[in-house]
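First, one chain by itself: the form predicted alone, in structure tokens.
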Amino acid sequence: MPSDPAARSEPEPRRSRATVTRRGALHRPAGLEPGIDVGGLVDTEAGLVDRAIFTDERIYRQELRRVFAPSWLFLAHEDQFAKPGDFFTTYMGEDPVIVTRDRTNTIRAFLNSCRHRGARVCRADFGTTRNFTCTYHGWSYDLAGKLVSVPNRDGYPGDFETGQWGLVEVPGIDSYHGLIFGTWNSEAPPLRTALGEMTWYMDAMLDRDPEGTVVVGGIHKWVLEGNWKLAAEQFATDWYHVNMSHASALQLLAPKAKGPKTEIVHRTGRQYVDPRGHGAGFPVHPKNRFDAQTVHDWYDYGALRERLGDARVEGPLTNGHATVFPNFSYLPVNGSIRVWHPKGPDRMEVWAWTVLDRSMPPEVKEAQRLYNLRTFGPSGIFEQDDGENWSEVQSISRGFITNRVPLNYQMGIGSERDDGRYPGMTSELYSDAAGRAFYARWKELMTTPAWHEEQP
């Protein structure tokens, strides 16, 4: 695999000039953003990955253009928008966006950047408002993104049209069981098409309750020194780390156990492998149960079997891990959903919600919220282990020799198959299969001009 920096050099950009029309449409020649050939950095057939994909700034900038800009990205939960004017600010890649419910009760999202000088028009994390007003020069926009107020309007040319200078709107917005996703690609396939058979696995967490899901406990945010892909791929594919990385946490939860638990080592299960880059892993057992005793006692497992089927109840219902490509992950056992926001090649910001069944009584919701906080909150006994691992991997990856040594993703090569019970292709629980699929999808997008790039 080519690891020499010279092998990764990008071509000299063509010298050309961006043009802008009176209507405000910017035409930026593709030559200003030359593509880097990453084809040799990911070899999924051999199970090898070059560490440059975690450290190279140019590769990271290309990810923003070719992975994040075209993909469906998680934005928020519908429960965060009870009435018109409710808003939540988040990111799509590194682009800041506002998600809001407009006066027609439609969920919309806009680039959080004033069309005048580019400052954010909303600096609050969430709230309720009538308009979004830039604190720099006072341009103001309504809930539909329309420019409604321009101080010193008479100073602009006579043909200045406010209708042409509204907020840039995210063209694709859709939801799945309360989870709101958005994409900048107006020609992207529908969300459910993009999710594919992953929806069957998501339903084990999101469709347990006919009344749907709600958000409890607010949103936790923390920063880690590590590339976003390290977290996303682990949640897609890695049950392998549990017994070693979480040995102390497992011992705390089961004090009589000394060291790693043999039942973890010998646990059987399946790993879902999706060609779109999604992945999920889960132990399989006919008596799977929720870890929080209060939650376990509340559920009617017979009713769950009737609603979701035996395969879900004995598999992804109560345990495991999953990632929806590229950077949305969740944990069914505690209702944790999270986004790995990229903040450069060596840093990510984690945003985590607790999403629970709407019909849960208050005491059950509180028990699950606390269990989530203690295990996978920012200071949770499992979350701390994971963050330390990703930061450790990242901390040494820039070394000259280190960066030339490929990483091994060979576990379970050739084990993917249709097992006849779980939809799509699955592998063994201990496998890198979903990780290889994750990077295969990443490579596909990184080597394909996106919708916004001029085609040759």
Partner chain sequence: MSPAIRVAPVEDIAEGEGLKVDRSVTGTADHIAVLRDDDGEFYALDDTCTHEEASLAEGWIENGQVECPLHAARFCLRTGAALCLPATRHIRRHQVEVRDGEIWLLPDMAPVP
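What you see is a predicted model; the values in this text were computed from it and never measured. Positions refer to the first chain, counted from 1.
The discussion below concerns the form predicted together with the partner chain, not included here.
**Student:** Using a 4.5 Å heavy atom cut-off, indicate which stretch of 282-290, 224-232, 326-334, 129-137 touches the partner chain in the predicted bound form.
**Tutor:** Answer to the contact question: 129-137.
**Student:** I'd like to check something about V214: if you look in the predicted bound form, is any of its heavy atoms closer than or equal to 4.5 Å to a heavy atom of the partner chain?
**Tutor:** Judged by the heavy-atom cut-off of 4.5 Å, V214 is well away from the partner chain in the predicted bound form.
**Student:** So in the predicted bound form, does G155 come within 4.5 Å of the partner chain, heavy atom to heavy atom?
**Tutor:** Heavy-atom contact with the partner chain at 4.5 Å: absent for G155.
**Student:** Is G302 close enough to touch the partner chain in the predicted bound form, meaning at least one heavy atom pair within 4.5 Å?
**Tutor:** No, G302 sits far enough from the partner chain in the predicted bound form that none of its heavy atoms falls within 4.5 Å.
**Student:** Does any part of I381 reach within 4.5 Å of the partner chain in the predicted bound form? Heavy atoms only, please.
**Tutor:** I381: no contact with the partner chain in the predicted bound form.
**Student:** By the heavy atom within 4.5 Å rule, which residue out of A194, V364, M202, V150 makes contact with the partner chain in the predicted bound form?
**Tutor:** If I apply the 4.5 Å criterion carefully, the residue I get is V150.
**Student:** Please pick, from H296, R123, R103, K343, the one residue with any non-hydrogen atom lying within 4.5 angstroms of the partner chain in the predicted bound form.
**Tutor:** Of H296, R123, R103, K343, the residue with a heavy atom within 4.5 Å of the partner chain in the predicted bound form is R103.
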